[in-house]
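There is one chain below, alone, in C-alpha cells, taken in the form predicted on its own.
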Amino acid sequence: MQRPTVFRIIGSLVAFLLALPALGRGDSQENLSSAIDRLIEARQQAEAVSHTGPIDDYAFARRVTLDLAGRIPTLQELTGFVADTSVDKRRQLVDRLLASPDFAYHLRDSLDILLLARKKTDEPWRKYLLEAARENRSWDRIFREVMLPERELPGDKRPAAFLHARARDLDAMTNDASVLWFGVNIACAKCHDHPLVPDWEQSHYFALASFFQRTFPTRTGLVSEKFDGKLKFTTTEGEEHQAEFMFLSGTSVSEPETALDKDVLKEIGQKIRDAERKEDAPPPPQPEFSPRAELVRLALEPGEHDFFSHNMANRVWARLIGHGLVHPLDQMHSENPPSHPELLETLAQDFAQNGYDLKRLIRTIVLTRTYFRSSRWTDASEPADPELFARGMVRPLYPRQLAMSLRVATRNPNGMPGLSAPDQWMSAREKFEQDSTALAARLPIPSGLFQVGTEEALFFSNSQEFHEDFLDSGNEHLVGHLAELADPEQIVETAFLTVLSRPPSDTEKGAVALHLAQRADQREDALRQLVWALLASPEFRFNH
C-alpha cells in the first residue's frame, strides 16, 4: 500500500537533512553514487526500516551483465570475475561492460522498446539507435534528431520512425511524446480538466497537441510540417478555444505573422500533397516557423527542462532498480511526488549538467550500494514498501534479454569466451542479435505485475524450434558439452554455472545425480531435461 503523501514528504525531508554531508562532497560519479546511498539509507533510517545486504559475486555478475550487456555472463566471464581478488573488481566489471559492444546493443534495444514499442519492426530505426549508442550520443541530441529529423538529419528516414509511425494520429503523437519524453500522461485532460490532478487542464492537452498539429508523413518515410493550421477545442461548457503553443510548464510561444501570399501558400500546399502521395516527389519545403522545433527548444530551455531531465533520470533508475522514484513512470505531477525528491533532483541535475550522458547516468546508479542489494528478504518483518528500496527488485527479462540469454546459456561454454576475447565476441554478439530477432518479437514486453503467458509457456514446453535451437546435442551446444563429461558432479556444476550463473546447492547436486542415475540408459535425454528445467525456471526468467 502506498504511504500517504505527507509521510513520504516528511520521510524525504529527514533523509535529505541526514544526507547533506554527501551532497556537498563534489560531483564525481563515485561521490554522487555515495550521495544516492545516503539519501536512500537516511529515509530507511527515518522510517526504522532495515535493508538487505549485498548480493554475492555470482549474483552481481549476472545482474549487472543483464543490465548493461542485455544477456547473462558467459561461463568464462563468470568464473573469471568470481576468482578475481581485486578490491574494486565490481567497479572494474561495470566499466568493462560499459565499454563493451554489448552495452551499445542493449542500450539500443532498451531505447527501441521505450520509443517505438513495437508499433512496427523497423531495422533502419534500430540501426540509427545502435549508431547513437555506440557514439554515446547525448539524450538531448537524440531527442532533437527524433523530434526534428527533417531539420537535424535531412533525408535520413531512420530517426523519423518515431513520428512517422504516429503521424496520422494526433492523439498518439501528443500522448506518446508527453509520456515518453516528459513523463506526463495528460490523456485524461483531452475531454475535460483532469479530475484528480489540478496540474493538467484541457488547455494543456491541446496546447501540447498544437505542436504536432501540422506534422505529416511523406510517402517516402520522412516527416515534415505544414505552413499553417490552427488547433481548436471545445470545453465541457461548450466554449470553443484556439489552442496555444504552450509547453507543460506553462511557457508559451507566439507564431509570427507569415509574409507569404496566398498564391505561394497554394503552391506550397500542392507540394505537400505530392509529398504525402507520391514516392518520387521531392522533399516538401520547410516552414520558417516550426512548432516541433519550438517544442524541442522549450523542453530544453534552462529552467524548463525539468520534465525532460527528470523523466529520463526516473526511467533509467526504474529500469536498473525496478521501481521509479516517481511511480508510475508517466505520472509526474504534484499529486504524485517522488518518493525521494532530492534524489531525483540530484540525478536530473547531474544528467543535464553533464550533457545528458546516458552512460554516466547508468554508471552512477549501478555503482551504488542500493543497486547491490540482495532481493532476498530474510527479516522476520513484512518486506518494506518498494519505494524505500530496501531490497533488490525481482525484474522480468525484456524480450531481447531473454532471447540473447537463451543463446548464451545453451552454447558450449568452451566456445563462449565473451569479453575475455573481445574481437571474437564482437562477431558472435552480432550473430546472436540476428538469430534472436524472431524470438524476441514473440516475447511480451513486461509491464506491471508480470506473469509468463500461455504462448511463452507453450514455446518452452512443446516447440520443436525451442528444442532444435537450445537443446541440440551437437558439439557447439551445452547439452553436447555435458554429454562429454563423465563426472555427474562436474555435469551439474557446469550446467548451473552456465545457465543460472551460480553453483548448485548440495540438495540440487543430489537431485540431479539421482536424475542422471535413473535415466542412465537414456543419458542424452536426461541431459536435455536437465538443461530444459534450468531454462524454464523462474530463476532464469527474471533478473534478481
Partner chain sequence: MKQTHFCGSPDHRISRRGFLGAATGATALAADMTVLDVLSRPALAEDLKRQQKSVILLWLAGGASQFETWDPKPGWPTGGPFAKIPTNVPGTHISELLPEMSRRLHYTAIIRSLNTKIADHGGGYRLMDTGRRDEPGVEFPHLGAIIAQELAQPDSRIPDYVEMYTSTEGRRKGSAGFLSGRFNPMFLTESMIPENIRRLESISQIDHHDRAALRRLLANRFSRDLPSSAVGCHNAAYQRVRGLMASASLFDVEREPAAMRQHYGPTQFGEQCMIARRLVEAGVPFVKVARAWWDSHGQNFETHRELCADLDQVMSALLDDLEQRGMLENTLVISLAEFGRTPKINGSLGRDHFASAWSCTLSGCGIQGGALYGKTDEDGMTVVDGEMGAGDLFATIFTALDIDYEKEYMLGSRPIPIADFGAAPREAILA
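Since we're looking at a predicted model, the values are computed, not measured. Positions refer to the first chain, counted from 1.
We do not show the form predicted together with the partner chain, though everything after this point is about it.
In the predicted bound form, the partner chain sits within 4.5 Å of a heavy atom of Arg391. By the criterion of a heavy atom within 4.5 Å, Gln490 is excluded from the residues contacting the partner chain in the predicted bound form. Though the partner is left out of this view, Gln76 does not reach within 4.5 Å of the partner chain in the predicted bound form, counting heavy atoms only. Within this chain, Gln451 lines the site of the partner chain in the predicted bound form, having a heavy atom no more than 4.5 Å away. Checked against the partner chain in the predicted bound form, the residues Glu240, Asp423, Glu123, Glu455 give one hit for a heavy atom within 4.5 Å, which is Glu455. Interface residue among Glu476, Glu508, Glu30, Asp57, judged by heavy atoms within 4.5 Å of the partner chain in the predicted bound form: Glu508. The candidate stretches are 443-451, 286-294, 132-140, 158-166, and the one lying within 4.5 Å of the partner chain in the predicted bound form by heavy atoms is 443-451.
Residues His515, Arg519, Gln522, Gln529, Leu530, Trp532, Ala533, Leu534, Ala536, Ser537, Pro538, Glu539, Arg541, Phe542 of 514-543 are found to place at least one heavy atom within 4.5 Å of the partner chain in the predicted bound form.
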